[in-house]
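Next come structure tokens for two forms of one protein chain, structure 1 first, structure 2 second.
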Structure 1
Amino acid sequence: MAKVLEGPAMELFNKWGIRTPRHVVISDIHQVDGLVQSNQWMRECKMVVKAHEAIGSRMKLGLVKVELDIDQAVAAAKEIMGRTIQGLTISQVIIAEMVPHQEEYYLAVKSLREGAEVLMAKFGGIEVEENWEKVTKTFVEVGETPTDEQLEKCAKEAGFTGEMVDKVRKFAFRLFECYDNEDGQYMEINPLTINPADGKLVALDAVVLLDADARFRHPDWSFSFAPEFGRAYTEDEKQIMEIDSRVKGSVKFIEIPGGEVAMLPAGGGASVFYSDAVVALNGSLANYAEYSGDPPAWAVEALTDKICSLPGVKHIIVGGAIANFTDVKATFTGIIAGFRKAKEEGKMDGVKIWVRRGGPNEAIGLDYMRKLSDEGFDIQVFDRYTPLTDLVKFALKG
């Protein structure tokens, strides 16, 4: 799944006729004054200013300012922009119209195996979690669109009455269309409210998760995806993602600050079992990583370089199951090159390397690894006869 930040998410909503508050995203603080000139509404409405970054708890961190007039908004934008939070410099700010409202509703579309579910609730905002049993759902089979009747029924069951039923039905249909046509995986509006100015529904927030694998048929997706774990990607993570996007196979890397056990395993399946094994023995993970699908040696070398550069690492786990088609010799050549570079840079002092692997050319690959001990590496190498995750035990239990 791939998260889209508020600004581009609202653009997608607008494309499918879903009203959102008027807003601008600023990535250069010098733009502010010009934008105020060209956007009449900014001189007429109260505004909210938020850091436009994938940071959790923005309100607590003081990265959201509300009820601002034009001067206050500009000042807030200037204040937020460029601040450094959790090692990330705020590079974008969103200024949006504040819509005064009474009611808060909830609307979402969620992908399921057989199709999708449209969810509605008359209790939006923070209340939706507490009132989850009052959320009504209606199922739409993949390849179909919801009928007026079913959306109407769902809205009525959620407690909407009178002309609101029709308004919610139409709005829900638009959200579904957006979800369906934009390869959504999850879309949520919370809160949804009535704009007292025109009596029309407006989406005050936009949670949009798209299917990154569908990017090929959406040339207008000009935005990049945001991480979902409440912090922005680090520079090293971005570099590996960039490599991942252009090589055969895959290389993945996520940092976990403070950990002592660095992971360099092969395979999307085995890598998680390795992480599980570390956690089960009370080890602390320094990262998640994975390479698979016979990636080129240079990509694995780049990944190794990042892993060896993690601070405070005591062990590196070069694990892996018996590969089907990833060439052990070739990928290990990349890892070894990365290790040598790291050693020259003094990054391998006090670091123990643990290797277990099987697959095409396993004998040669493992032999190359064994020979690293002649170069002064602290390395233990195991073959297929040592069970998959045992080396984690050896590493952590001594």
Structure 2
Amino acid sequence: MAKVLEGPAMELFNKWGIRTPRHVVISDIHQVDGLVQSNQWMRECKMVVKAHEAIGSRMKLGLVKVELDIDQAVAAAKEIMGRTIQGLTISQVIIAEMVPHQEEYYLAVKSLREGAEVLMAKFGGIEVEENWEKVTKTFVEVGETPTDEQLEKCAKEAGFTGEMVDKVRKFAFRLFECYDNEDGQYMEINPLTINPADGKLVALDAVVLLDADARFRHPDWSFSFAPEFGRAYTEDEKQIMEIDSRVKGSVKFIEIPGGEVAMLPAGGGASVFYSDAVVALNGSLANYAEYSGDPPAWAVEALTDKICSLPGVKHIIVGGAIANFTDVKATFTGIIAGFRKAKEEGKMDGVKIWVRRGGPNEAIGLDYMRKLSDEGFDIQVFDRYTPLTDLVKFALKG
């Protein structure tokens, strides 16, 4: 699950006929004057300026400025850009049309194990959390779409009457279409309101969580996902994310500064298991990583290169359970190529490598790993009969 920032989330809504305020996202303060010149609406209405980052309680932190004219909006953007909040430096702001309104509503679609849930409320903002028991819900099974009758009933139960029932029903159906077709995990509009200029519903905010692994199905996803760890992604992390978006299988990489134990596990389960084992033995992790789903050797080589480039690493654990279909020989070929490249660049001095793996072609793959010792690598290799936790004990305790 990955979060999409407000600007691209609104663009995703617009794609499916969900109206949002006019807006621009600024990543360079020098863009402001040019955007003002090319967007006539910015000179015709009041605006809202917000930090365009994955930070909660932006209003309380002074990262939201409302009811601004053009000069005030430019000043607010310059004030917010570059500020450091909760360890995160604000690198973007969103300037949006301010839509005056009297009432606020709530609408969301949430993924469940058995399908999805459409949620509605005739109130919005912070009132949703305070009155959660009054939010109405309707369930949609996997592979199905909500019926008009189903959404109409949910809207009436939420307290909507008259023509608002039909407006909310249609808007909810569009939101579900967006969710269903864009591999959504959760989509929320809070607040949803009526634009007094034309009497139509408009989404004033957008919370969108998508299945990041589905990017290959969406060539129009030109946006980056929001950082998940309270900081911007590093260039190395972005490079692995880009590779992950275009290969079969998966490669993941997150840096953890200051750690001495680098992880190169096969699969998300192994990643968590080995990480827990390292922490349990008072080891310090240098990264989170995984390769799974039988990715190509070149992608695994690129991941290995990033891991070998982490500063201060003393151990690299290459581990996994017994694979069902991931070719151990093929993926190990990529890892070995990455190790050799790192050694040529002087990155493997004083680094010990620990390997444990099973699966298709494991004997050949493990033998390839063992032969690295003939090339000067400090490496220990174990097969499927060595418990996963023992590998971590060997590395940290000897």
Partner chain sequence: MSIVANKDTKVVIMGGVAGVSAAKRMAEFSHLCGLEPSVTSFVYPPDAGKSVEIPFGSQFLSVPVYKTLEEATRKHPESNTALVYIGANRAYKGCMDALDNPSIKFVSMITEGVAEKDAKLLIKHSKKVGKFLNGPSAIGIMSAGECRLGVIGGEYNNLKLSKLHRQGSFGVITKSGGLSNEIMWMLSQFADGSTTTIGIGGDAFPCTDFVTFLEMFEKDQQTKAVVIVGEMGGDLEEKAAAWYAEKPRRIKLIGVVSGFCQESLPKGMKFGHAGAKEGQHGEGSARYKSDIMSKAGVIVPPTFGDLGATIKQVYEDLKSTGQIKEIDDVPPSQLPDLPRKVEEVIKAGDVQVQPLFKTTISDDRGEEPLYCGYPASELINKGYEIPHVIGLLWNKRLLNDKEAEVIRRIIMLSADHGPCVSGALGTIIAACAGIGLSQSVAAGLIMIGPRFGGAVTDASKYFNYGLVNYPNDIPGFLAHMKKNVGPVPGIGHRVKSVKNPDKRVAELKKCVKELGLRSPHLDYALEVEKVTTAKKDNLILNVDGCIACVLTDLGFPADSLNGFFILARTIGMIGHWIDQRREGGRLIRLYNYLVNFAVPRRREVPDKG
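Just so it is clear, the model here is predicted, and its values are computed rather than measured. Note that the rigid core is defined as the largest set of C-alphas that superpose within 1.5 Å between two forms. Residue numbering: sequential along structure 1, first residue numbered 1.
Of the two forms shown, the form predicted in complex with its partner chain is structure 1. Shown in the overlay between structures 1 and 2, fitted on the rigid core, is a CA shift at residue 297 of 2 Å or greater. The two forms, fitted on the rigid core, differ between structures 1 and 2 by 2 Å or more at the CA of residue 314. After superposing the rigid core, the Cα of residue 372 is displaced by 2 Å or more between structures 1 and 2.
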